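This document starts with one chain, in the form predicted on its own, laid out as structure tokens.
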């Protein structure tokens, strides 16, 4: 199945932007009358009939809407410090999207080697990975925020989750030991949670600082580990995504 994306949907019509139109008409060689599938980025699959095969602005008539198409049964936010090598973080965005994530928050920590991050390219990667992995919901890639600012937010304020009606599970993964706050495995933390709204924080190459970890714990985060292996930042973040996916999907 080939998916196209549109953010210009009104009534029973949807329009593709120039890039999507060129891919549909010039690359895939669709012509007026062909049936195509379009996602709206919010979870709905549109079954359409192409009515204008303009390679700069294709238009299609909507025949059927399928809400919550290929969605996962949880809402996952990953707060992760972008890596010094930007390609590694982009690799994480791509793979996390394929597995299943709802929000990715680039965090700037005290020990971050990358203090500035531009999210536009990551958003394009997330869109491509969404279509490739046959999903209709594109994960949100937020603007960067400091670790301290993010962990101090009330749960209902995180990423506009004003609709949540359950207590969220908030986890922070770091490498050092704290006798007063022993870490549990992420598997154990997920098994003890009956809800579906989860946030996991992953630190930079130099880990979270003790002060950042302490602030997170004071704001309701549970310390976890991802196993005995020493993982790169992007590998740790993807491992957390996979742990949630496996806990809810198998």
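Residue numbers count along the first chain shown, from 1. Given the structure is predicted, the values throughout are model-derived calculations rather than measurements.
The form predicted in complex with another copy of the chain exists for this protein as well; it is not shown, and the discussion that follows is about that form.
Trainee: Given the stretches 140-148, 168-176, 105-113, 126-134, which is the single one in contact with another copy of the chain in the model of the complex, using a heavy atom cutoff of 4.5 Å?
Mentor: Looking at the partner contacts, the answer comes out as 126-134.
Trainee: Using heavy atoms only and a 4.5 Å cut-off, decide whether all three of 19, 24 and 48 touch another copy of the chain in the model of the complex.
Mentor: Result no, not one residue of the spot touches another copy of the chain.
Trainee: May I ask you to check whether residue 68 falls inside a 4.5 Å heavy atom distance of another copy of the chain in the model of the complex?
Mentor: Judged by the heavy-atom cut-off of 4.5 Å, residue 68 is well away from another copy of the chain in the model of the complex.
Trainee: Can residue 228 be called a contact residue for another copy of the chain in the model of the complex at 4.5 Å between heavy atoms?
Mentor: Looking in the model of the complex, residue contacts with another copy of the chain include residue 228, since a heavy atom lies within 4.5 Å.
Trainee: Heavy atom to heavy atom, is residue 99 within 4.5 Å of another copy of the chain in the model of the complex?
Mentor: Flag for residue 99 set to yes.
Trainee: Should residue 238 be classed as touching another copy of the chain in the model of the complex when contacts are defined as heavy atoms within 4.5 Å?
Mentor: Taking the distances in the model of the complex, the answer for residue 238 is yes, it comes within 4.5 Å of another copy of the chain.
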